[in-house]
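Only one chain is shown below, in structure tokens, and it's the form predicted on its own.
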Amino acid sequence: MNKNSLDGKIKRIAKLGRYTKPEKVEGAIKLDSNENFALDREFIAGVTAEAARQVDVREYPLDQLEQLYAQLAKYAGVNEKCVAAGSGSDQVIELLLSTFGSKRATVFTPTFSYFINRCELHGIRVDQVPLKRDFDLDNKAFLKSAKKSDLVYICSPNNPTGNQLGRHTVIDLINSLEDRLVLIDEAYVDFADYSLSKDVTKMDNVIVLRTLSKAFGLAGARVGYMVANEKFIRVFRSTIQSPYPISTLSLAIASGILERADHVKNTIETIRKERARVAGRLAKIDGLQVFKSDANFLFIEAGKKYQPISKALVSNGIIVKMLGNVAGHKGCIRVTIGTKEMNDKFLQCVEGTM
């Protein structure tokens, strides 16, 4: 590659959209990144400390990955030969894009911007089909675009809107796209009503992406996984994925938390109840619209109250995702469902702007 060619590529990449990490604010109530603070910090610290005592990080992880596959498969309700893991589901997405390539991808919008950014990085043209005003899918428009693409991405429950598409809607789409690679991003599915994990093990062209970053409280450990048919997973594990994609310590932590999956499930139920409570309180405020959520966050249209709410939250040290105008909705906010105490402080700030 000559210098001019390299410079040209660097200039192209520099102009692309990118994920911007949130700033760390000491002492703030952090409700902007959909992390699971309802899982007690001491509980997570205990699992982490136990994992650290068990492993020798001087060694490469040899059999720990196989153990994790078995645990993930049990949790997802699939055969362990249908599971592969990575350093966060982001890394799995990256590998799929770089390995299988694509000329054109179809997504609906608004959705997880990271996927769009990575497609653009790999020179994949992205056709963005707007969701309906209630954030339901425009089936006809989406299918029309998807049939022109070789890659289709469906985030469900969707980030940032929070809603999960109807099961039959997604299945019907998949059945109409048998010769396209379909990625179903289920990062938030633990908080929703159904998963397609079991279904896709019988399909040739569909991959479900899942993670331990959200419901399992391991955002910092970077452990994600995918579910697909046995043939695809075999090739992914043996050839596509790196030999040691997850650190020895993260593998041990992930195994430890999965051994305590029942405790995590109880916390998920608590979050679901808090989600309903917070949404109910917000719905009583004139000028706010709260959208149905199947995730661990709420999407709110604040309209004229956007700036007063923003100022109130900042003055009280509460950080949420201030999205601004999104898909025709004015003054949008995404707020993570945290502990009851965190949620109450958020509600008090918002209600105080009435």
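Note that residue numbering follows the sequence shown and begins at 1. Since this is a predicted model, take the numbers as computed values, not measurements.
In what follows, reference is made to the form predicted in complex with a small molecule, a form of this protein that is not presented.
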What stretch, of 81 to 89, 117 to 125, 191 to 199, 139 to 147, brings heavy atoms to within 4.5 Å of the small molecule in the predicted complex?
-> 81 to 89
Can we say F112, T211 and R222 each have a non-hydrogen atom within 4.5 Å of the small molecule in the predicted complex?
-> yes
Tell me, yes or no, whether I233 is in contact with the small molecule in the predicted complex, where a contact means a heavy atom of each within 4.5 Å.
-> no
Would A105 show up as a contact with the small molecule in the predicted complex if we use heavy atoms at 4.5 Å?
-> no
Is F216 close enough to the small molecule in the predicted complex to count, meaning some heavy atom within 4.5 Å?
-> no
Does the 4.5 Å heavy atom contact test between Q164 and the small molecule in the predicted complex come out positive?
-> no
Which of these residues, C155, I271, L251, I207, gets a heavy atom within 4.5 Å of the small molecule in the predicted complex?
-> C155
Which one, I246, L72, A187, L183, lies within 4.5 Å of the small molecule in the predicted complex by heavy atoms?
-> A187
